[in-house]
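First, one chain by itself in structure tokens, the form predicted alone.
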Amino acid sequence: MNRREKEEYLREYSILKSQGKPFFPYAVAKDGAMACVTMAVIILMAVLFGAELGPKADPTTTTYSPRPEWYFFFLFELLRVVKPPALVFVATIGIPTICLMLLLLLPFYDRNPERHPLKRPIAMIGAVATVAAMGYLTVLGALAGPPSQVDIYVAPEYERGAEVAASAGCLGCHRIGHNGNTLGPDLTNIGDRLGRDAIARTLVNPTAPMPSYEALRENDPEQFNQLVDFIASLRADNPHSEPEGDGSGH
């Protein structure tokens, strides 16, 4: 924008401003009236149709998979992609905070008066890249499996055992691949340290606070053996001990 265009813009702006109405109380009154209408519609719908709260929370269930709201899927997936525990802080606080600060400071460091998108390539590239990245991570987060899912490639003969391990809550204390916790030993390569019989004995007579799986052995021996076979197969030299795909859990 050259000097002549700037002077013309300021002149037109001053004319329009003198012909218009002040923000207060005209615009404030309109916004307030619309806010009251919107609130009245929400209250009316809540009274007539109620609010769906879903079933009551069951603290004893082992099948519930916590999921964020859809608009947080991109952050959810970002946390899944950043695997090293030392970088979790970067994924949860660092990157979102930096992006938010860049957005808030945009009027201060972007002083370009041009409004046409083609005349602002850097800003447009940054905006498109940000939206594309958020959209891609949102889709991956929506399609991602639950945190309790065993996210390593499992040979067909051990798939049922992996399902038993996930549903039994093993990942609540142990890590298998990239999913799980560190309250107990890492089971990713446990087959290199313990044989099948030792694993079966540990499941039946574990060290506290690990629960015993003796009831599972008595009530469903087939599932118990599938679980033991799967855990015993977790060795570093087995192909199914490697993460699926790109290592992001998909």
Ligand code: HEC
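These figures come from a predicted structure and were not determined experimentally. All residue numbers are counted from 1 along the displayed sequence.
The same protein also has a form predicted together with the ligand, omitted here; what follows describes it.
**Student:** So, in the predicted complex, is Ala168 in contact with the ligand at a 4.5 angstroms heavy atom limit?
**Tutor:** Although the ligand is absent here, Ala168 would touch it in the predicted complex, with heavy atoms inside 4.5 Å.
**Student:** Taking heavy atoms only, is Asn189 within 4.5 angstroms of the ligand in the predicted complex?
**Tutor:** Flag for Asn189 set to no.
**Student:** Within a 4.5 Å heavy atom cut-off, is Leu194 in contact with the ligand in the predicted complex?
**Tutor:** So Leu194 counts as contacting the ligand.
**Student:** Applying a 4.5 Å heavy atom distance criterion, does Met210 contact the ligand in the predicted complex?
**Tutor:** It does: once the ligand is placed as it appears in the predicted complex, Met210 has a heavy atom within 4.5 Å of it.
**Student:** Pick from Leu87, Cys173, Met124, Met134: which has a non-hydrogen atom within 4.5 Å of the ligand in the predicted complex?
**Tutor:** Checking each option against the ligand in the predicted complex, the one that comes within 4.5 Å is Cys173.
**Student:** Is the ligand in the predicted complex close enough to Leu78, Gly94 and Thr97 that every residue in that trio has a heavy atom within 4.5 angstroms of it?
**Tutor:** Heavy-atom distance to the ligand in the predicted complex: none of the three under 4.5 Å.
**Student:** Want to guess which of 116-124, 135-143, 67-75, 176-184 is within 4.5 Å of the ligand in the predicted complex, heavy atoms only?
**Tutor:** Looking at the partner contacts, the answer comes out as 176-184.
**Student:** What residues in 214-237 sit within 4.5 Å of the ligand in the predicted complex, counting heavy atoms only?
**Tutor:** Contacts from 214-237: Leu227, Ile231.
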